[in-house]
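One chain comes next, on its own, written out as structure tokens in the form predicted alone.
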């Protein structure tokens, strides 16, 4: 396999062809934050927290490091003032719907005490981890997205969740907002709540 040579935060890095910038940077010791990334799943690029600045032949631009493959000669900067500003804005938007777990830790890392924005908490971040894990790893397709735009949400297909979810539940620890765990604590028992068509 071809070896790729690039520069990440001033450090010369060698990595295998097909490696993403995120993977190469983490291997080199750079701590790029993510919410929607899971090494078991194909790149998704939903949260945009992993944005980095690349310089390719003098042309600079921002890319999602989880989805952009490392290239020979690429210069990558993972934590410039511009990137930090973008990450803070994304975090403020995410904190408005969930201020727990990994988001709380990231807020502390970037010096955020609270969000300027307000939302119902905890709410799904739409990172897609539970949906993708269920479909691509478990091959069950119990969870899925419905709706579009601000009406988009994750739902459980109640006919499948009756039999599959009680013996699996592997999606619950993946949820960065804690939404799935909150629903579980409210009494998910494998049966849909009365009047609900969401299975949880």
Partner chain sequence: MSKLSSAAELKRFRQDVLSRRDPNKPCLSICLGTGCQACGGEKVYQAFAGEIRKQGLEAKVDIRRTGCHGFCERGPLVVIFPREICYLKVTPADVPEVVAKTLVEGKIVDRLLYTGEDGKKIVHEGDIPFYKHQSRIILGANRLVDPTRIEDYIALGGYSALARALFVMTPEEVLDEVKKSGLRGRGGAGFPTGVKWETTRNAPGEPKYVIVNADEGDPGAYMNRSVLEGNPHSVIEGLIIGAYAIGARQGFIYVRQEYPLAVANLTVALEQAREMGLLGANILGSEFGFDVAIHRGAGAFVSGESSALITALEGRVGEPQINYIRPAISGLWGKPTNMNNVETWANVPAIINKSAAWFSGIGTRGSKGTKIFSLVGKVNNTGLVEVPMGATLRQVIFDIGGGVPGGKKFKAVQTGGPSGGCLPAASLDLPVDFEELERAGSMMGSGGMIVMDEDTCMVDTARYFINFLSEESCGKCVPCREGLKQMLLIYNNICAGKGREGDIELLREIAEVMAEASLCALGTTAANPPLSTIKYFRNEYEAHIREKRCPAGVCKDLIRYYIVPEKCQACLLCAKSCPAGAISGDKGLVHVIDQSKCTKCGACLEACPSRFGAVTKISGKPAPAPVPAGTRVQKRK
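No experiment lies behind these values; they were computed from the predicted model shown. Numbering follows the first chain given and starts at 1.
Beyond what is shown, the protein has a form predicted together with the partner chain; the following relates to that form.
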| item | value |
| --- | --- |
| The partner chain contact at residue 57 in the predicted bound form, heavy atom, 4.5 Å | no |
| Residue 47 within 4.5 Å of the partner chain in the predicted bound form, heavy atoms | yes |
| Residue contact check: residue 125 to the partner chain in the predicted bound form, 4.5 Å heavy atom | yes |
| 4.5 Å heavy atom contact, residue 118 and the partner chain in the predicted bound form | yes |
| Interface residue in the predicted bound form among 39, 138, 61, 27, criterion: non-hydrogen atom within 4.5 angstroms of the partner chain | 61 |
| Position in contact with the partner chain when the complex is considered in the predicted bound form, options 130, 94, 106, 74, heavy atoms within 4.5 Å | 94 |
| The partner chain in the predicted bound form - contacting residues of 65 to 104, heavy atom within 4.5 Å | 67, 68, 82, 85, 86, 89, 90, 93, 94, 96, 97 |
